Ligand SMILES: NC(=O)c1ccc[n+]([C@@H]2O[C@H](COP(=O)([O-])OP(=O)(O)OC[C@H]3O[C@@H](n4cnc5c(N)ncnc54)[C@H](OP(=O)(O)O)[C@@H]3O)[C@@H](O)[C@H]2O)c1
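Only one chain is given next, in C-alpha cells, and it is the form predicted alone.
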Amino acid sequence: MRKVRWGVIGATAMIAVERVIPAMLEAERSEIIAVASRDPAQARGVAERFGIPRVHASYEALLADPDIEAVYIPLPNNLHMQWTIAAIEAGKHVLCEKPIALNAGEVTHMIAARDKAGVLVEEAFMLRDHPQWSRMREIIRSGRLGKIQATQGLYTYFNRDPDDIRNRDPELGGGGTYDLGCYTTAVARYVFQAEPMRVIATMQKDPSFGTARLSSVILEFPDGHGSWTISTQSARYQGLTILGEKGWMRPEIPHVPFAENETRIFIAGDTWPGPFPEETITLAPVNQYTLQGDRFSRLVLGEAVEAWPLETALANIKVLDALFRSQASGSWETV
C-alpha cells in the first residue's frame, strides 16, 4: 500500500515526540522518513528512538530532500508562518500545528503561497478526525437535539513553567487564548456550522509572563451563543455541553481523549434533567493523531476524503483576532 513520505521540522517538540510521531508510525498511509531540529544531536536522538532513517542538520536541508512529500511542523507559534511558507515554496504539502498563525494576515500570506505552489496545507486540529465528532455532527444534523442554541466549554490545565514557550511573550504566540482558545473556538464553529458575527472576551494576564492565563468568551452566532472559559493555571479539565431546543449532548472528553480508552457521548431529551443522560454512545478506542496523518496522506494521494483547507484556519484565527480586540476595547467586537 502506497504511503506518503513525511518529514518533521522541529522534531524535538513535545507534541511531536509524545503524540504525533509515535501515532503516525502506526499509520497505514503515512511514513516518517526524516526529522530535523536546530540541535542535530537531539534530532538524532529522536530518530534513534523511533527508528526514523534520516536526520537533517537544518530545516532547510529537510525541505531540500527530494524524497519528502509532506512536512509536519510542530514549531512554536511565531514560527509557523515562516516555515509553512518555506515548505510550500519547496513544493511540500504541509500539516502545521495549531494555531497555524498569530493573525489573519499571516494565514492570508499562506493561502497566496499555497495557491501559487499548488500544494495542500492544513492546520493540525486532530480532534476533527476523531469519530466522536463525526458522530456528534450526524446527531445534530438529524434534528434529534432540535435547533442548537448554545455551546458551553471548559479547557484548562496548570502550567507556570517560565521556560515553557506557552508562557512566553504573547507576541510570540504565548498564552491560553492561542494555546486553548483555538480549540474551543473551532469546536463552537464546528457545532454551529457557521461563523460568529461578534465576540466579547475578558482575559486575566499572568503578572510575570504577561500572557493570558484565564479567558472567558461569548461568541454570537446567527442562531445561538457559544461560550467558553480556558485557563493555563487551573486544575486540568475538558468539558463541552451542546444545548438544543429538544435535547442536550455532551462528549465525555471533547478535545484530547486517551487513545487507549473508549470514547463516550452522553445524550438526553428536553424532559430529562442534566447531567444524567438518557443514552450513552460508546465508541472504540482510536488515536486521533494517527487518523489525522492518514487522512491528510490520503488527500496527498488524491483520494476523496474530508479536507480542512486554510480557509477554515483563516476563519478560526479571525475569531481569535476579534477576541484580542475585545480584551483591549472592553466591548463587543465584530469578527
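Position 1 is the first residue in the sequence shown; the rest follow in order. If you're wondering where the values come from, they're calculated on a predicted model, not measured in any experiment.
This protein has a second form, the form predicted together with the ligand, left out of what is shown; the following refers to that one.
Exactly one listed residue, out of 140, 165, 150, 90, brings a non-hydrogen atom to within 4.5 Å of the ligand in the predicted bound form: 165. Of the residues given (319, 24, 313, 13), 13 alone sits with a heavy atom within 4.5 Å of the ligand in the predicted bound form. Within this chain, residue 75 lines the site of the ligand in the predicted bound form, having a heavy atom no more than 4.5 Å away. The ligand in the predicted bound form comes within 4.5 Å of no heavy atom belonging to residue 174. Contact annotation: residue 130 falls outside 4.5 Å of the ligand in the predicted bound form, judged by heavy atom distances. Residue contact with the ligand in the predicted bound form: residue 265 places no heavy atom within 4.5 Å of it. The candidate stretches are 118-126, 219-227, 188-196, 204-212, and the one lying within 4.5 Å of the ligand in the predicted bound form by heavy atoms is 118-126.
Residues are counted as partner-facing when one of their heavy atoms sits within 4.5 Å of the ligand in the predicted bound form; in 277-309 only 289 qualifies.
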